[in-house]
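One chain follows as C-alpha cells, the form predicted alone.
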C-alpha cells in the first residue's frame, strides 16, 4: 500500500487517519518513508498542510513535512516564521512519534540553531533546544547531536546556569566523537562563566585525553584553556600527559600552544613582574585566541597563590607584610585579595581592621554535619554506580566480536612456544 500524496488534502487525510494507535503510527512511518522523495520534491506545495495538522497529535506526519520544507535554503524574510514553527513543534510534539525518526527531528532542531545564529538571537533557541534534548534522549546518560548546539546558544546568550543543568548528567553513550569534543569544549566554557573551574578542568581534560586519530582544532583550543584554568584553579600546571592520552595529542598539542606553555613556565617562577611582562609582550596572541580575559585571571591568581603559601608559614601577618611578600602594590589591595579568598573558601582567616593584622585559621569543617554526611553519601553512591557501569561496559567489550578479533590478531604476533609452560611439579 502506498501513501496518497496526489494532493495536500489527501496527504492530510492519510496522516490524520493513521495517527491514532502506535500500530497505525508505525504503519504511517513506513508509508511516509516510501513517499519521502515525493514530499521533499514538492515541499513548497505540501507546506500548506501544516496548518491543517495538529503537531501534538499528528507529530510524525507534521515532522516529515516540516523537515522537507526546511531542507533547502531559507530566505531571510521567512527565517523568523521558520523559528516560530519549529519552536512550537518542539514544545508540543509527541515523544513516542518523533523517536521513530530521530534524524529528522535532529535535522529541524539544527535548522533552528542555524537560523537563530543568523538572526543574532541565540536566546530564542535556549529553551526549545533543552526541551528537544530531553525529548530525544533515550536516557540522561546519552549524548545527542543537539547537546553542543544547546551549549553554544547558552554560551552566546550568557545563560550559563541553564547550560550547566545538562552538564550535571554523567554521559556514557556517545554516537559521534565530534559531538563529544564540542560538548566538553562548550561545557568547559559554560563552567568558566559560572566560576566552576574544577568542572571546567574536567571537561577540557576530557577533550585533551579523548581518543583521536588526527589533530583537530577543538582539542587545540581546549588544551589552551586547560592550561589557563589549571593555573587559575590549581595554581600550577603539569605539561605531562596522562598515559591514556592519544599519541597524536601528545606529539602535537604543545606545538600549537607554545605561548600558553611559556606562560605556565613564567607562572611557576612566582615572579609577578616577569609574568606581567610576558603577558604584555604576547597580548595580541592571547587576544586573537579570545583568551585574554582568562590570562588576566591567571595573573590575578598568582597573587592569591603567593598569599596561600603564606598560610603554610605564618599564623599572623600584617596586611602590609602580605603585600610586600606577595608582590602586591598596596596593603588595601592585599586586603581585597584576602577577603576574596576567604569568601571563596580558599583560605580561613580573620582580619583585624584596627591594627591591620590577618590571623590565619585551620579549616573549621569537622565533617560531621548533616549536609556533609549527605554530600559524602551522594559521592559514594555515584562512585558505586560508576563502578557498576564500568564493569558492565568491560563485560560488553570482552564479548564484542570486533574487539575479540583485534585481540586475536595482536596475540598472533607472539609465539607462545617461546615462553616456559606452567611447571607440573616442584622439586623440594
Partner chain sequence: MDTEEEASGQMTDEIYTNGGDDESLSQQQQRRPIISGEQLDIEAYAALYTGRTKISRLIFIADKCGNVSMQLEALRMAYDEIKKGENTQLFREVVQKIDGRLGPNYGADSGWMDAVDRRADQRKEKLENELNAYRTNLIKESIRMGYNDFGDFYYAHGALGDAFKNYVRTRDYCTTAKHIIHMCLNAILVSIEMGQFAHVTSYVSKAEQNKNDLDPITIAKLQCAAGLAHLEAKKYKHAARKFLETAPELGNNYSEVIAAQDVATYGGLCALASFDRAELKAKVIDNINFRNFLELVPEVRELIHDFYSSHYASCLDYLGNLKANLLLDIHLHDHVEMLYTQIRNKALIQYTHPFVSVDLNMMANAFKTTVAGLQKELEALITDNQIQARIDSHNKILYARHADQRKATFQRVLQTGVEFDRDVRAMLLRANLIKHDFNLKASRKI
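Positions refer to the first chain, counted from 1. These numbers were taken from a predicted model, which means no experiment stands behind them.
The same protein also exists as the form predicted in complex with the partner chain; that form is not shown, yet it is the one meant from here on.
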4.5 Å heavy atom contact, residue 315 to the partner chain in the predicted complex: yes
Non-hydrogen atom contact residue 90 with the partner chain in the predicted complex at 4.5 angstroms: no
Any non-hydrogen atom of residue 76 within 4.5 angstroms of the partner chain in the predicted complex: no
Exercise: residue 355 in contact with the partner chain in the predicted complex, heavy atom 4.5 Å: yes
Segment assignment from 47 to 55, 63 to 71, 389 to 397, 24 to 32: heavy atom within 4.5 Å of the partner chain in the predicted complex: 389 to 397
In the predicted complex, the residue from 241, 160, 172, 256 that sits within 4.5 Å of the partner chain by heavy atoms: 172
The single option of 97, 230, 291, 206 touching the partner chain in the predicted complex, heavy atom within 4.5 Å: 206
In the predicted complex: members of 177 to 207 within 4.5 Å of the partner chain, any heavy atom: 177, 180, 199, 202, 206
